[in-house]
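For reference, the chain that follows is the form predicted alone, supplied as structure tokens.
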Amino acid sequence: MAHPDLSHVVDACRAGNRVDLSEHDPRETFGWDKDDAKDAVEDVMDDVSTLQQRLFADGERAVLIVLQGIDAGGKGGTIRSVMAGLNPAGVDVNGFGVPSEEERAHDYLWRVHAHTPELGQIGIFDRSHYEDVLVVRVKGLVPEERWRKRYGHIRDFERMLVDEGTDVIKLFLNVSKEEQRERLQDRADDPEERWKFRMGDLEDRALWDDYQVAFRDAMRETSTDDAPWYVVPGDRKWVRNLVVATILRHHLRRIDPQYPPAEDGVEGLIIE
């Protein structure tokens, strides 16, 4: 069976500055079926692997993938399922939880800036600087006057990264409230997954509507041509994986990294 058409996926998921999450179905399939999608993601990741090798060899640009979403939204699963196809020597994964005492002693961007990828690398943020306009806002950890200014800080920060050679790809893993309930219940029921469950997850779940507004506003305020947000359908993991792989391939193709020229005399060399 022919693989599904992927040409419209990037535009369909791009958030823009007028994003309305009610218009993005977490169970969207783009007309794919599960078997075709699983085959297609392998083909896409073959392309991504080649492009990653060129990115590493060229050493002129980097890629930063920002993963955001609610608890049990699939950030870890995305990293395991999609990014596992990348060469680990060229990938750096960082997670950002509750700030440490040292991190709180600095500005909120200090801890993330230190982990942005080197040229030639793909960096992945499991949560990110956006926690400081999401959790901080929803839980009232700083005054509104303060967190509202951070949208501008973030736009400027990401603009600087792009100007200095880092492509910024921001992915919001969009899952439904019912899907989150099922995933949290599975964690609580499974002895091998129970360690992931925090009672605080239920407190955050009770704030679902507030988080949805915070996610929407963050995307509206910070989705730019140079550092776009994408709303990724998250209820079906096989759709999520193909969408994420396709968006990553799109950006790597846009960068179009090339192998550097070989030293003079290498071509045609006979080694005895």
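In case it trips you up, residue 1 is the first one in the sequence shown, and so on. This one's a predicted model, so the numbers in the text were calculated from it and none came from an experiment.
Below, we refer to the form predicted in complex with a small molecule, which is not included among the displayed structures.
Against the small molecule in the predicted bound form, the set Val93, Leu119 and Phe125 makes no contact: no member has a heavy atom within 4.5 Å. Contact annotation: Asp132 falls within 4.5 Å of the small molecule in the predicted bound form, judged by heavy atom distances. Although the partner is absent here, Gly77 sits far enough away that none of its heavy atoms falls within 4.5 Å of the small molecule in the predicted bound form. Not displayed here, the small molecule is kept clear of Glu179 by more than 4.5 Å at the level of heavy atoms in the predicted bound form. Proximity of Ala188 to the small molecule in the predicted bound form falls outside the 4.5 Å heavy atom cutoff.
From the list 155-163, 170-178, 67-75, 80-88, the contact stretch for the small molecule in the predicted bound form under a 4.5 Å heavy atom rule is 67-75. Of the listed positions (His106, His113, Arg198, Lys149), a single one reaches within 4.5 angstroms of the small molecule by any non-hydrogen atom in the predicted bound form, namely Arg198.
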